[in-house]
Ligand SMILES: Cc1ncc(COP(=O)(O)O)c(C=O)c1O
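In the block that follows, a single chain appears as structure tokens, in the form predicted alone.
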Amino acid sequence: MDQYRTPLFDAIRGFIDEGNAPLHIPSHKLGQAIHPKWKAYAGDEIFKMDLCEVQGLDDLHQPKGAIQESQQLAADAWGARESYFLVNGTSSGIIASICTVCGEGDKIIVPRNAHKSVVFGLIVSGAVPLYVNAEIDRERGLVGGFLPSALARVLDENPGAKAVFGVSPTYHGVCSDMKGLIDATHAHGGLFIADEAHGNHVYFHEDLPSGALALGADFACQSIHKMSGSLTQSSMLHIGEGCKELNGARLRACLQMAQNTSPSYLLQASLDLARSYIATEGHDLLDNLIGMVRRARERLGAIHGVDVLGPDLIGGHGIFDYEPIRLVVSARKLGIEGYELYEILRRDYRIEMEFGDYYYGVCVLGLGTQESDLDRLVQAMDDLSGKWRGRRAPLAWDEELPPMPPMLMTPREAFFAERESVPWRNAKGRISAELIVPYPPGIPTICPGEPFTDEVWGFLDSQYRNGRHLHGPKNGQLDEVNVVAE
């Protein structure tokens, strides 16, 4: 297909040019009632594009025109059978995928380092999760890959499991053996749902890891805004060419349930344009970016006390490949935690990283990354190395996740059970009625239906006392938590 075409964007422009009297939603009426401060900064034209389902612009929930054509172009670009625009982020695609494949009581295998939106999918669908742990690199303090051999054992022990959920690449760039995982899933009669929030760009350059759709995944949930240039919150759900058991009507119903009934045309237009841009110019853009990142990685690795993750990880701890369009930096040899590194770079050098954890500061790069920004990072780390050399002892990893608690109730049962709020000090041994997730990176420590074991309670307590941001409990505080009533 002609990837230079942008049918939805063109339709929006055409509607604006018609000059219709805007007696329809939204109330700002093509930008007339937008605050003057905002218009002075952003200009007029962008607000004219903030439209609803007017004549000629199609309907996201039942597309037959420009949106349908745009989605077909997206399917062609990513090598999918069908593609769907998402305006509620990749989370909505993950929830819809799980609900499409699984119903009440159906089993789905989920790595514990999956995003919290998976748990929301379990709550809505009533599916029963079979949690499995990825490999852990304790020397580096890094969550590794999910081994196909480990998956095969779980599938053998749980015949009839409907689906497997896989994350690749992770926030830290770690890629599992996706083909091995997909093949094992299919050999046992299941469907494979891939979380490619951080991997939607890999389809457009041969030096990047293979995409899950190209390896046979049945579903691929992608944050186009994270890595392929659309506006924040805009994503896509792709259905693989080989997916044989898809209930299309159920999928569309689940997408309607998970998405906004007034879908933003700004977000949809950005998906149309981002697809065209990466499909036609992406290889050259990525070629330039890969070179920039390679040079920055080499320069960072030469700085005293600084480590940066890279392809040397491949082959250990279930790591099959590494996605290089990110710089994951550690100053642990200088005694600086990743959390602290994040704050230092923001405060002293005006560098905003994606996030920090105990060992690492994560810089997620993208098509718009400038070499001058990478130069600033290298210079800042070099300056920081000189100032901190010899001031502290190297860090030893003390933030290993606690052992996974047993599932005493399904997430849906616990979420909808009668609950009570108890003081944090009294939560040990009680069954959680909510998620508690150190964020970022959004990996649940405890899910609804699991008890607060001593190890889980101690880990979360230390996270909170050390100032980590927690999603789930009220106001992010651990004063009280919701548990299943006794």
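Note that the rigid core is defined as the largest set of C-alphas that superpose within 1.5 Å between two forms. Since the structure is predicted, the reported quantities are computational estimates derived from the model, not experimental observations. All residue numbers are counted from 1 along the displayed sequence.
What comes next is about the form predicted together with this ligand, which is not displayed.
- The partner is not drawn, yet in the model of the complex one stretch among 222-230, 265-273, 100-108, 137-145 has residues with heavy atoms inside 4.5 Å of this ligand: 222-230.
- Across the proposed site, Glu413, Arg419 and Ser432 without exception lack any heavy atom within 4.5 Å of this ligand in the model of the complex.
- A heavy atom within 4.5 Å of this ligand in the model of the complex is found for exactly one of Val167, Leu73, Ala127, Ile325: Val167.
- Interface residue among Ile94, Ala296, Leu341, Leu309, judged by heavy atoms within 4.5 Å of this ligand in the model of the complex: Ile94.
- When this ligand is considered in the model of the complex, Tyr171 lines it closely, a heavy atom lying within 4.5 Å.
- Although the partner is absent from this view, His201 stays clear of this ligand in the model of the complex, with no non-hydrogen atom inside 4.5 angstroms.
- In the model of the complex, this ligand stays beyond 4.5 Å of every heavy atom belonging to Asp357.
- Residue contact with this ligand in the model of the complex: Gly318 places no heavy atom within 4.5 Å of it.
- Superposed on the core, the two forms differ at His471: its CA moves 2 Å or more between the shown form and the other one.
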